[in-house]
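Below you will find one chain, with nothing else, as structure tokens; this is the form predicted on its own, and questions on how it binds or moves follow later.
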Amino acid sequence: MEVTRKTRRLGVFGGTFNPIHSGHIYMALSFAGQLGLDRVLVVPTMIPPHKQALGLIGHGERYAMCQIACAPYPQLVPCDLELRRGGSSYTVDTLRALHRYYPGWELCLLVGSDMFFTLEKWVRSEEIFALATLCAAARSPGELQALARKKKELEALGARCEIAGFPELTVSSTQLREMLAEGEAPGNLLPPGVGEYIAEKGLYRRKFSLEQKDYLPELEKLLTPYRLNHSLCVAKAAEKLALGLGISEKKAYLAGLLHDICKDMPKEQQLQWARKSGIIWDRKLTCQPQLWHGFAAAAFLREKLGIDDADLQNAVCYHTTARAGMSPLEKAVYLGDYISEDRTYPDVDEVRRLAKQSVDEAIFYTLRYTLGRLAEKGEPVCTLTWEAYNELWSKLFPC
């Protein structure tokens, strides 16, 4: 009697891998073991469409690191499909191509729990559901229940889903890049050989100073004593928040120190710098000159001070408006600006209290406060602020 071989299963594990770290390898191997995957493709993205890619290094270096990290594991195979295709890396296009390259294989899209909760919002999600089984991992019993509920929602939309369960090996790519920028040894956070490659190529090295003394002369020249004192207070508040957010305290302090560097410039000059910031200019921004200084500061930091760190630029850029998808550094500076010791507005004590228990809750409170004040005055609301409010509302008060 002829025995029919079971369908082979191909895991598709995408990410910026900036850099690939031990958590990525652990997750790929854990998925392979629990879901019975014959092979896992490790697919670096060219341009991620779902999130910011802060400090993204060249795709050649990222792919080379994936090759080094996967070399000891025959079931992990680096795949440069999205890098060769170029442009934004849409998952649906990748799955289409892999169906041609692996006929007869079952594709399993491997995602973290945060991505699993947003899959129905991805580009051509209904086609993704048809092309691949959606696989996520629960890191705790509580998360397992939440993923199970989401699984039912996605299956009602036509998706096939599987939930694995294994404790996450927590490694923050942002923190890892900060360690590398500071010259700290990453230890076992990087797979064997990857750290040596990074050192050899000089990747992730910081090209600007984090020292306050290097910027004070410029700040003293541009800011009034009042504004300089405020900036020092925000720097201290952002530094304190950074500790709880797991990011560099020195970097948060510097971002807070520089956030208002263009505040005392004439409005015409602020607008000139703001238009160099590279943001998509919201028509309403033209009617809100009180917001220009943040966008101006982002361009000023890049062109005048040589600060090429995208996360730091964004932290000063959006410190007044906020926005959806803020990084931890952006949150530290935005909230630090509200709770700095020099602030005396009516609700400041409540915001400070909330900040001690939840940064997101404190930011949501300030956004609601800001929107209320603008509504009372009959002033326009920046689209970025609305989007930040709606995102946090969905996160804090899920339906």
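Being a predicted model, the structure only gives us computed values, none of them experimental. Start at 1 and count along the sequence shown; that's the residue number.
Form predicted in complex with adenosine-5'-triphosphate (ATP): not shown, discussed below.
- Here the chain stands alone, but in the model of the complex its contact with adenosine-5'-triphosphate (ATP), taken as any heavy atom within 4.5 Å, falls in 23 to 31 among 336 to 344, 349 to 357, 362 to 370, 23 to 31.
- Residue T174 is the only one of S125, T133, T174, Q269 with a heavy atom lying within 4.5 Å of adenosine-5'-triphosphate (ATP) in the model of the complex.
- In terms of contact with adenosine-5'-triphosphate (ATP) in the model of the complex, the residue from V194, V111, L180, C161 that brings a heavy atom within 4.5 Å is V111.
- Although the partner is absent from this view, L119 stays clear of adenosine-5'-triphosphate (ATP) in the model of the complex, with no non-hydrogen atom inside 4.5 angstroms.
- Contact annotation for M115: at least one heavy atom lies within 4.5 Å of adenosine-5'-triphosphate (ATP) in the model of the complex.
- Contact annotation for T385: none of its heavy atoms lies within 4.5 Å of adenosine-5'-triphosphate (ATP) in the model of the complex.
- Remark: A137 counts among the residues lining adenosine-5'-triphosphate (ATP) in the model of the complex, judged by a heavy atom distance of 4.5 Å or less.
- Contact annotation for 76 to 108: no residue has a non-hydrogen atom within 4.5 angstroms of adenosine-5'-triphosphate (ATP) in the model of the complex.
- Panel note: the distance between the CA atoms of R177 and K236 is smaller in the model of the complex than in this form, the difference being 3 Å or more.
- Closer approach of the C-alpha atoms of F17 and A238, by 3 angstroms or more, is seen in the model of the complex than in the present form.
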